[in-house]
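Below, in structure tokens: the form predicted on its own, a single chain.
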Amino acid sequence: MKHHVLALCSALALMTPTLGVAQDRYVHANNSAYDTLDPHTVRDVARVASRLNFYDGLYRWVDNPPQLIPWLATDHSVSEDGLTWTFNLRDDVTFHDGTKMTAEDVVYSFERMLELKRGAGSLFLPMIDPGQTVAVDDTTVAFTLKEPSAIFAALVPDILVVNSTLVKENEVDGDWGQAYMIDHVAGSGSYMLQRYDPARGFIGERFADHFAGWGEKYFDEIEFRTVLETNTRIQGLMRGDYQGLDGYLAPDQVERLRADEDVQIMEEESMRVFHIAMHNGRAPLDDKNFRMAMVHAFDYDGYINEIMQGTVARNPTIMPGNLWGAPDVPGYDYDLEKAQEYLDAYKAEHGDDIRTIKIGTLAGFSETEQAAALMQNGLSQLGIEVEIESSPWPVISSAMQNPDTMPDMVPYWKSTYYVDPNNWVGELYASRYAPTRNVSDYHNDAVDEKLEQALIITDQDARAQLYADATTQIYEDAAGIWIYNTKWFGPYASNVKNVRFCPVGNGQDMRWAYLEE
């Protein structure tokens, strides 16, 4: 039995080619650095713009709520046993150098992802072995999984296709072109690389021959520039130096921009959970009593109502409250008396000597620094010393993926990369994703069993129960400090139109946007 999950008619979401007039350039001030352009080694929101604009996947996430539409593939079918997924590809796709894309490029790209074991590759490794992706013919590719997967379809947009001929020509000592791909682009995406500077960002030039065509208006050039200092980004947008910023600013910054007639704020629901990851594998945080003291030492109401000015919703677990499978639990409260009781229980077993707790924050993300300061204040009242160190996201992200270098705590957001509970509770707490995604070094056999089962079965009600049960156990283990689910307040110049926001990508897919004169 074949299941045509996405029909070709969905391709109406693509724009038909028309002759258009080139519009002005778009400059986006980003709050993190673009330290690499390789689409297969990173998978985070901070560097999503290079992946979305330079590369194409088999399908693409668009709009809000997120919807999958055909992209490089027109449709797909699944074998009766749920193991073989066969994709039919477009026959009119060319890479930026004019080379025609074929199924062999898809195979090479996927094998490269598995070999590098980074970015989205770490998600596919448990599902499919190397050598199990084949080109049936030039426009057909088949993936044979180890076992049926409930999330494979949701991950297909992450199969970003590179020009295999170009990458192979630039391989050095079997490195799969890693050195070359740091500062070069080998894609078919809407924009071609014009300039790249890891200290500054990148500039892309419109790829006129993109298979999806172009509307009558578009940006002929886009620049994503690294600007770490928040006030500099805001002032630059108000002056007209930039046409867009990241959409997750503090409330006072949003209101400051709302007051400017040359700026517009696009408000959208999101599924971006702000939490403090705790290193469950390192003393003293490897003790549940100590972690319980931590979760009761954070002032949730103070953070949400005062710092965030009530613009976000309390989220008691890592699962977004507006997503199926989220459990109904009350959430931990700020109660220093409870925290002291748990701390006393810890000391009774381990002694009074508690080392300094180290919190890593994200430079340029004031909310993480404010959360760390609030945590520091609560712990100081318990007699626990805290050291806070701020680093750019690429630095701290790299440190988080190694249990030896992961700070004791890191406040950050878990963003939407695909709309399935596994994106949140699975990736952050299942043993299969340690240490690259399960950065907290949390391991629980009962939780793993539920999360593994939820990846195989396809009945959503049954999966929802498994995720709710697993998340409840993680909650009871106080494996992290979960604070809020957020909204996206996208600040753009008032004459920027048709930004197509999606929680997967956060409004940085620029092919549909244009400047209204």
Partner chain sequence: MRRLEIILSRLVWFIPTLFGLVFVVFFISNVIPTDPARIIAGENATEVQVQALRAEMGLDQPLHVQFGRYVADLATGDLGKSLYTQRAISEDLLHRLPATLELTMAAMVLAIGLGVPLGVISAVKRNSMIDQTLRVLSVSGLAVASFWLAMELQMYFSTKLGWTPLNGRIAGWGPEEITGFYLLDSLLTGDWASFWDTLHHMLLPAITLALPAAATLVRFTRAGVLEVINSNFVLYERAMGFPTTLITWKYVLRNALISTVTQIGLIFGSLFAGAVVVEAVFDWPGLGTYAVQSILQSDTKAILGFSIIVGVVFIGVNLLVDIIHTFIDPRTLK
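Residue numbers count along the first chain shown, from 1. Because the structure is a prediction, the values reported are computed rather than measured.
The same protein also exists as the form predicted together with the partner chain; that form is not shown, yet it is the one meant from here on.
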Just one of V395, A313, I265, A153 has a heavy atom within 4.5 Å of the partner chain in the model of the complex. Which one? V395
So which of F290, F207, Y417, F219 gets a non-hydrogen atom within 4.5 Å of the partner chain in the model of the complex? Y417
Quick one: does D441 come within 4.5 Å of the partner chain in the model of the complex, counting heavy atoms only? no
Please run the contact check for R437 against the partner chain in the model of the complex: heavy atoms, 4.5 angstroms, yes or no? yes
A348: touches the partner chain in the model of the complex, heavy atom cutoff 4.5 angstroms: no
Determine whether any heavy atom of D197 comes within 4.5 Å of a heavy atom of the partner chain in the model of the complex, and answer yes or no. yes
Contact segment among 102 to 110, 85 to 93, 165 to 173, 238 to 246, judged by heavy atoms lying within 4.5 Å of the partner chain in the model of the complex: 238 to 246
Hey, with the partner chain in the model of the complex, do R272, D448 and I457 all fall inside the 4.5 Å heavy atom range? no
What residues, if any, in 449 to 465 have a non-hydrogen atom within 4.5 angstroms of the partner chain in the model of the complex? none
